[in-house]
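First, one chain by itself: the form predicted alone, in structure tokens.
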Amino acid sequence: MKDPIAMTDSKPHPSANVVVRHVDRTPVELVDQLAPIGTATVHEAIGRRGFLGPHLRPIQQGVRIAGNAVTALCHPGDNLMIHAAVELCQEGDLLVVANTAPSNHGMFGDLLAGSLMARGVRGLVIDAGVRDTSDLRRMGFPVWSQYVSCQGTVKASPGSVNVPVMLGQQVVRPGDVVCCDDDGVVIVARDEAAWALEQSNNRLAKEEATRRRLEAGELGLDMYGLRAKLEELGVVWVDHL
């Protein structure tokens, strides 16, 4: 008997392996305005939330992007669901891959990258390994991964596509904004994107004013009131020991 989930568009049981075809995405004009701001500023602007953690590092430098999350939930050492996710990706998306348990396999390489690039996908975030990193850099396909590993995978285990996944301590939902640069990866919830953009622009203006004061020679020690703070904490200035 065929799997009833494959035969109907009705809501599947929560424990089932499922590929969700249609998700609500963040308007691309909001995504594109968040992209150049930078993860550090966005992270601070939205209340120091959304950071996926320092374990996800870029395999390249100098890339700053954002995209709509398409998610894939895989089993360790098995990239079958990445292949399933490619079909559902579209222009402006960013693929986010999570695993049901720790994996250091090279689950993604240049062949999959070429397939994603053909669909207009902007990059990959994965909590496992990638390989063919030199080729990926040459192709201009940006990746943030936990490992770099030449060890390959199988294609045998069912998983899910476009369901909420957990990376680090952060839930990533399909259609959330994924902001990536040299400092890491920050997630902005789809329903907070417009607010996050406003808050980030406000912080940019504040940072620019601060930058001008620091470059003019003013000390952060005084500008932020840190001298008084140190005195309250019992720190004293002496001329000599």
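Only the largest set of C-alpha atoms that superpose within 1.5 Å between the two forms is called the rigid core. Throughout, we count residues from 1 along the sequence that is shown. What you see is a predicted model, and the numbers here were worked out from it, not measured in a lab.
This next part talks about the form predicted together with another copy of the chain, which is not shown.
Distance check, Gln90 to another copy of the chain in the predicted bound form, heavy atom within 4.5 Å = Although another copy of the chain is absent here, Gln90 would stay clear of it in the predicted bound form, with no heavy atoms inside 4.5 Å.
If you check in the predicted bound form, is Glu207 within 4.5 Å of another copy of the chain, heavy atoms only?
-> Yes, Glu207 lies within 4.5 Å of another copy of the chain in the predicted bound form.
Would Ser145 sit within 4.5 Å of another copy of the chain in the predicted bound form, counting heavy atoms only?
-> The answer is no: Ser145 has no heavy atom within 4.5 Å of another copy of the chain.
So in the predicted bound form, does Leu30 come within 4.5 Å of another copy of the chain, heavy atom to heavy atom?
-> No - in the predicted bound form, heavy atoms of Leu30 and another copy of the chain never come within 4.5 Å of each other.
Which residues from 19 to 53 come close to another copy of the chain in the predicted bound form, meaning a heavy atom within 4.5 Å?
-> If the 4.5 Å heavy-atom criterion is applied to another copy of the chain in the predicted bound form, 19 to 53 yields Val19, Val20, Arg21, His22, Thr39, Ala40, His43, Glu44, Ile46, Gly47, Arg48, Arg49, Phe51.
Exceeds or equals 2 Å, Cα of Arg21 between this form and the one not shown, core fit = For Arg21, whose C-alpha is compared between this form and the one not shown after core superposition, the shift is less than 2 Å.
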